[in-house]
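Only one chain comes next, encoded as structure tokens, the form predicted alone.
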């Protein structure tokens, strides 16, 4: 299998959105409902799907307002069977290359303080911890804010 895959910008109307939502429900620690996805203001969000042999196996969702040089990483998700294979690195590098034409110079995110796997990935791709936000999540878990300057 070609683990490098290809990245494609998607919209809610694309035929793969149900696959994205299913992937989110199955693989993401805090999945969104279908209604959550429907309620996004798509003029301020960018969704990218990662395809291997025409199958959607991952995605990246950012919040971004045209003209702003900062974006907010809302979700990055990859099928669990591909984690540790190098696929996430290929997906991330492809995603970063799509940001240049959008004029994005920085990305910030929040991650659960106890999600060591995600924190390890973000650190590996050069995110820096800004601060810990106590009780950031609805269940009382702390969040870590991180920033990547491109």
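Positions refer to the first chain, counted from 1. As the structure is a prediction and not an experimental result, all values here were calculated from the model.
In what follows, reference is made to the form predicted together with a small molecule, a form of this protein that is not presented.
K.L.:
Could you check which residue among 93, 55, 110, 69 gets a heavy atom within 4.5 Å of the small molecule in the predicted bound form?
P.N.:
Answer to the contact question: 110.
K.L.:
Would you check, heavy atoms only and a 4.5 Å threshold, whether residue 115 touches the small molecule in the predicted bound form?
P.N.:
Judged by the heavy-atom cut-off of 4.5 Å, residue 115 is in contact with the small molecule in the predicted bound form.
K.L.:
If we define contact as a non-hydrogen atom of the residue within 4.5 angstroms of the partner, is residue 29 a contact of the small molecule in the predicted bound form?
P.N.:
Flag for residue 29 set to yes.
K.L.:
Taking heavy atoms and a 4.5 Å cut-off, does residue 84 contact the small molecule in the predicted bound form?
P.N.:
Residue-level check for residue 84: yes, a contact with the small molecule.
K.L.:
If you check in the predicted bound form, is residue 100 within 4.5 Å of the small molecule, heavy atoms only?
P.N.:
Judged by the heavy-atom cut-off of 4.5 Å, residue 100 is well away from the small molecule in the predicted bound form.
K.L.:
In the predicted bound form, which of 44 to 52, 117 to 125, 31 to 39, 100 to 108 comes within 4.5 Å of the small molecule (heavy atoms)?
P.N.:
Selected stretch: 117 to 125.
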